[in-house]
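Single chain ahead, by itself, as structure tokens, in the form predicted on its own.
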């Protein structure tokens, strides 16, 4: 796995933190710039549901309020083993999407 600075070269988006009014447009743009097939992983309770920030006026909630999520990795903070499991699951889903795309 390589870290890519440009979403146009990425297969998997790992997102931490909640969706809010300031980052919603950026999240959508990053998602749209990532080529198909792609997989999105929400890492941590904040990314999954909004976490402790869910009642803040500027927080929309989990990232799934803005873009579709394929894998949820809960936890505050998410355990390293859980993050690894989430990435492995994301790689499996990416492989499945590639097979579907070829069919």
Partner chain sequence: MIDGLLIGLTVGFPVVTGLLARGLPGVWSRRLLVVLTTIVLIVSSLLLLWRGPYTYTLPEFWDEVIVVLDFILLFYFLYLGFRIRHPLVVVLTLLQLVPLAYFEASLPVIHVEPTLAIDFLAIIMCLIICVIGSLICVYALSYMDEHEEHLHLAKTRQPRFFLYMLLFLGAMNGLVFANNLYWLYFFWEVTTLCCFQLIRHDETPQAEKNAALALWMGLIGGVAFVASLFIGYYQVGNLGLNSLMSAQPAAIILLAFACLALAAFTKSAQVPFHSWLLGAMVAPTPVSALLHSSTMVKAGVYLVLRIAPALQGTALTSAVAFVGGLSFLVTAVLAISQRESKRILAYSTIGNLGLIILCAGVNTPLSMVAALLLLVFHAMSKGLLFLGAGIVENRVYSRNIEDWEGLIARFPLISAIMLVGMFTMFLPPSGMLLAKWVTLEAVASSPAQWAITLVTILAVGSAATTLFWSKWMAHLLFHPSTAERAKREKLQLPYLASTITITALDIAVSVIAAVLVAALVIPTVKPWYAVKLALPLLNLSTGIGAFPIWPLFLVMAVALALAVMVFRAKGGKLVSPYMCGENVEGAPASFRSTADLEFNFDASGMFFDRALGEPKTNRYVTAVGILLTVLVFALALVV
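Just so it is clear, the model here is predicted, and its values are computed rather than measured. Residue numbers count along the first chain shown, from 1.
This protein has a second form, the form predicted together with the partner chain, left out of what is shown; the following refers to that one.
Using a 4.5 angstroms limit between non-hydrogen atoms, residue 52 is distant from the partner chain in the model of the complex.
Within 4.5 Å of any heavy atom of the partner chain in the model of the complex lies no heavy atom of residue 76. The closest non-hydrogen atom of residue 56 lies beyond 4.5 Å of the partner chain in the model of the complex.
Within 4.5 Å of some heavy atom of the partner chain in the model of the complex lies at least one heavy atom of residue 30. Each of 6, 22 and 26 is positioned with at least one heavy atom within 4.5 Å of the partner chain in the model of the complex.
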